[in-house]
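Presented as structure tokens, the chain that follows is alone, the form predicted on its own.
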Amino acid sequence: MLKKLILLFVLISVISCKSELSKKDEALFIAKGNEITQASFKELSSNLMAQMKLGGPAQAVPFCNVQAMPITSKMAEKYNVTIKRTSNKVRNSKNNASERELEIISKYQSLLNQGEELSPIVEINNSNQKHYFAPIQLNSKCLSCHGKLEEQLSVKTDSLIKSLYPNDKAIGYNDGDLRGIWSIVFKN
């Protein structure tokens, strides 16, 4: 009986130790997550801006439709992580948010509504992996494809978007709005 109690205590201790990060580990994974999101954002935005310069949204939207996920996958492979950009208003249904991601988005939106600064979050997921979340806020460059219809977003661009993403919900934003989150899972 005593052996069973000791084994149970050890098992509970091991499980509980793995469910929380030390402040040092949290800071380390926030730094790694920040590096990955910045590099991924730079790769995505530089490619997208090049397409915008070539032909505006008519050139950039089809490029994004075909190339955004492969670019993100390439960056995930480079850093040995999974990378997802998701939202409560997705454009591409392949990016639908999980229940936990929706909770994080809601938390960030609440903080933003209160005028608070949005910071990355790192936690341990159900698979005992480090999971990094960071907000994605829009800037004015994003509004030609994500802004308000007939204000920043033209009817022509909206029609093109809807032809490629029939269930698009990713419009109606203003500069500084929360567009969604980065969701990165570290594989080791």
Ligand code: HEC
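Remember, it's a predicted structure, so these values are computed and weren't measured experimentally. Residue numbers here begin at 1 and follow the sequence given.
The protein also exists as the form predicted together with ligand HEC; that form is not presented, and the subsequent description refers to it.
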Check your understanding: Would T82 sit within 4.5 Å of ligand HEC in the model of the complex, counting heavy atoms only?
Key -> no
Check your understanding: Q129: heavy atom within 4.5 Å of ligand HEC in the model of the complex?
Key -> no
Review point. Is N139 close enough to ligand HEC in the model of the complex to count, meaning some heavy atom within 4.5 Å?
Key: yes
Review point. Does ligand HEC get within 4.5 angstroms of any non-hydrogen atom of A170 in the model of the complex?
Key: yes
Point to revise | 4.5 Å heavy atom contact with ligand HEC in the model of the complex for all of I105, N125 and I184 | key: no
Check your understanding: Which of the residues spanning 172-188 lie within 4.5 Å of ligand HEC in the model of the complex, based on heavy atoms?
Key -> R179
